[in-house]
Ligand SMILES: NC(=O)c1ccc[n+]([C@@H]2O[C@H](COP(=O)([O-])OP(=O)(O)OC[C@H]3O[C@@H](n4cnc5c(N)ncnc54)[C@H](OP(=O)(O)O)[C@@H]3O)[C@@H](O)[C@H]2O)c1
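This document starts with one chain, in the form predicted on its own, laid out as structure tokens.
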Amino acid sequence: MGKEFNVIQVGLGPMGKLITNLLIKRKNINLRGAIDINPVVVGQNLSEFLDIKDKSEIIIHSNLEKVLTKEKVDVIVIATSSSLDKVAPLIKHAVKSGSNIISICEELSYPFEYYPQLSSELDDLAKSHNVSIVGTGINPGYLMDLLPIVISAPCQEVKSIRVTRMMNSAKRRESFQRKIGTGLTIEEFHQKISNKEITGHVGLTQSIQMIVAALGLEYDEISEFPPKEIISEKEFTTSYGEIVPKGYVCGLQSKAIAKYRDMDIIFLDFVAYAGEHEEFDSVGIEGIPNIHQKIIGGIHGDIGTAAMVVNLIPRIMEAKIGLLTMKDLPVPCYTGHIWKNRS
């Protein structure tokens, strides 16, 4: 048995809390510190904040300097924002400490097209400090990009790929339900989408960019369409106690397409709304042979994202240095029994 991986968690919002809980449970992880800028939580004991019996002596701090020590930290997990512009300064600071970075920032999952200069800066900085940076999650990061990439391996030819994620948003955290417009009128939905007060799903374009880069597919353009509201057919009460009348928004659908010579070669369809309907994640490949894979019941996004982050900790330690994507890492898998410096 080798040593534990030393890890710091940055961000203790809904997803950050889930990730931190899993970090604490993993025997091969040594959680060295927790960071959050919320003044309400700064100074609290982490065990009390998470309401667990870990008896951890970790105190939540507001910045990295408070927890970084002379001993090198293997990985810093960042769970703060979907925007790479907002996360980049923190990533740069963390990289300079000599730590690898795993973040759930959706725009970091494949940043090279939207942020070419920033991507180059992050890549150069990571290489100069001999570490790796990667953005991950259940989506983007796995279900709608890495999974279809891997599933294409038995194909002699790939003509097109269609990925669908169909989920019941009522089972997700409150912040996610609000992000997709739950409880809004149709007018409010369109206004908030237009003003970017709500974003819907972030990452479809990045997922397509990762797929075409991995498979070397030619394309003429990638189009991501504005989210389309889904309307409730009857009144219901959300998991956080809010009543949503019939005719109000209960979720949304987001689509993105890559075209080549007027053909849809990649089609991603993300659907999330509250209601009693089938949940699944599916990948369909038109090729030789045709492949259709369906995960019945789908994968819970919050649980899956926390697992993706924690399971990547041993993998990023084995990866090449620089700014990476999920297609560049050693094969992701469950790593609860993988230790540092294993023989």
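Numbers for residues come from their place in the sequence shown, where the first is 1. Keep in mind that what you see is a predicted model, and the values were worked out from it rather than measured.
The form predicted in complex with the named molecule is left out here; the points below concern that form.
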Val75, Met210, Ile104, Met144 - the one with a heavy atom within 4.5 Å of the named molecule in the model of the complex: Ile104
So which of Thr80, Ser254, Thr164, Ser119 gets a non-hydrogen atom within 4.5 Å of the named molecule in the model of the complex? Thr80
Segment that reaches the named molecule in the model of the complex - one of 35-43, 273-281, 22-30, 314-322, heavy atoms within 4.5 Å: 35-43
Leu90 near the named molecule in the model of the complex, any heavy atom under 4.5 Å? yes
Against the named molecule in the model of the complex, would Pro14 count as a contact residue? Criterion: heavy atoms within 4.5 Å. yes
Going by a heavy atom distance of 4.5 Å, is Ser175 a contact of the named molecule in the model of the complex? yes
Contact of Ser169 with the named molecule in the model of the complex (heavy atom, 4.5 Å): no
Does the named molecule come within 4.5 Å of a heavy atom in each of Val7, Asn100 and Thr335 in the model of the complex? no
Could you list which residues of 313-340 come within 4.5 Å of the named molecule in the model of the complex, counting heavy atoms only? none
